[in-house]
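Only one chain comes next, encoded as structure tokens, the form predicted alone.
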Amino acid sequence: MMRQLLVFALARIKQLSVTEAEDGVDGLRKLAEQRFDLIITDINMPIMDGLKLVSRIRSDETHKDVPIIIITTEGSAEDRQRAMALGANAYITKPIQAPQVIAQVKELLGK
């Protein structure tokens, strides 16, 4: 549900193509197939959580510099600090506002 809302919100950004992944493992599989300009993930996902995904992306030479936004219900300062220390570029807690997400995406993409 949240993924669908994000896709709908991101459709407002011209020339932006969105690829969805079911979980962290599916996300890594898609990263192996193509390059992306930005990654949005949640911390709480089945199979592989978002923090492990961020760590794996940052250790991959091909994708280590791709901006990552975490959107999550985990709002504690410790969770935020851990995500940022692992290499996330932005951390947004739910409930989200579409303008906030759009602004963050545009900022990180330089649009």
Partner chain sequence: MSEHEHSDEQHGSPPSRGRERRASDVPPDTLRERESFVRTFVRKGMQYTEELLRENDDLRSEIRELREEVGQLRSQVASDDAIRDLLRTVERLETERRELLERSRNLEASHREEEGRHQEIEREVSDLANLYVASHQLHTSLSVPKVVQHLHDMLGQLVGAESFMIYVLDEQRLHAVPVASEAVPADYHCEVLLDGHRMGDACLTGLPKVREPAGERPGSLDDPIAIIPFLADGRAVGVASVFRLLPQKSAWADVDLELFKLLGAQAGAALIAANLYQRVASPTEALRGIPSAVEAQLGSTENG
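Owing to the predicted nature of the structure, the values given are computational and were not obtained by experimental measurement. Numbering follows the first chain given and starts at 1.
The following text describes the form predicted together with the partner chain, which does not appear among the structures shown.
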In the model of the complex, does Ile96 come within 4.5 Å of the partner chain, counting heavy atoms only? yes
Would Gly75 sit within 4.5 Å of the partner chain in the model of the complex, counting heavy atoms only? yes
Look up in the model of the complex whether Leu109 has a non-hydrogen atom within 4.5 angstroms of the partner chain, and give yes or no. no
For the heavy atom contacts within 4.5 Å of the partner chain in the model of the complex, list the residues of 1-26 involved, in sequence order. Met1, Met2, Gln4, Leu5, Phe8, Arg12
